[in-house]
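Read the single chain below, which is given as structure tokens and is the form predicted on its own.
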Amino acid sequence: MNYTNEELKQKIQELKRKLDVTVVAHFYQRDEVYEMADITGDSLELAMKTKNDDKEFVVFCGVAFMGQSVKVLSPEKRVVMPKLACCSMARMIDTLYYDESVKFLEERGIPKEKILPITYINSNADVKAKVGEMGGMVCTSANAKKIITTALGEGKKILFVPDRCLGQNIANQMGLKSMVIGLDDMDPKEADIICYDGFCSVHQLFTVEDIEFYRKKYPGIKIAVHPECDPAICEKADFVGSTSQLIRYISELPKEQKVAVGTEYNLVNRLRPENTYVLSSTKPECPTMNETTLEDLYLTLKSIDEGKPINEIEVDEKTVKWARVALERMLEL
């Protein structure tokens, strides 16, 4: 296929007009893919918006767990993905590792009925289902503090999976004790939040030295970072927030205010043209989010048009049931 990007865009628009589809794209997608979307946002926002959409097909430009979330909340929809890309953080935990984490706590004197699991939305549906079956719930980076505050009211130990950084950062904000399984020697009975040892590879690129460099080069600069960053980074930042919160914070800054942002490159690059910098000496680009190309999107729409959709998301009935329970417990709050 030798189409130019402009030719591909034209063909994509033609197919979108012809087919009963909605194209959605996460904030971290390539600009040219992002521009083709009918709905854009972060992972939960996209799942919620597509739930109210009346089209038969959702064409999801993102990573696999996000497509699963759409299917869990809207099982009647047909969800296809141009690329079945997998979030590195989501791959760090599966049901076996989850069960081993629960066993770790049980062996150290915390019975299963005293454990309340919370999974970050950046996890696959089978892990969400495990959490749902144990009475737990999902959280996002935007609502994690509220979810944890509610969970603590039940008087249980919180098992937080899979992102240790988000768990630790929320614990620090709330003045709680946290530990990471396999990294800390703390007795889990002494911790409020027990974190699984997972992380986002992109948000690990940012360093304290990066912050010091920008503060020295641009006195008065603001540092804004995502809570998937290491706690040492978040402690030195002026603002810590989810993707949507970062967008809002930066949009409300005076145009002359310089800001260095610690999150994925594609988002930072389109925030505002002036006085916005990427908080890294290297390009913090998510490799799996960037797998999806215009050609992939075109071929996916073409497959729907031909009656043979590719990369369709399927989630079994039991997983849908319990993963949905975990998601709906969060939505109720």
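The shown structure was predicted, so the numbers you read here are calculated from the model rather than taken from an experiment. A residue's number is simply how far along the shown sequence it sits, counting from 1.
The same protein also has a form predicted together with a small molecule, omitted here; what follows describes it.
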If we define contact as a non-hydrogen atom of the residue within 4.5 angstroms of the partner, is residue 43 a contact of the small molecule in the model of the complex?
yes
Touches the small molecule in the model of the complex: residue 120 (any heavy atom, 4.5 Å):
yes
Counting only non-hydrogen atoms and a 4.5 angstroms cut-off, does residue 298 reach the small molecule in the model of the complex?
no
Indicate whether the small molecule has at least one heavy atom within 4.5 Å of a heavy atom of residue 226 in the model of the complex.
yes
Answer key: of 71, 203, 164, 130, within 4.5 Å of the small molecule in the model of the complex (heavy atoms) is 203
Pick from 168, 150, 242, 207: which residue has any heavy atom within 4.5 angstroms of the small molecule in the model of the complex?
242
Segment assignment from 8-16, 307-315, 320-328, 21-29: heavy atom within 4.5 Å of the small molecule in the model of the complex:
21-29
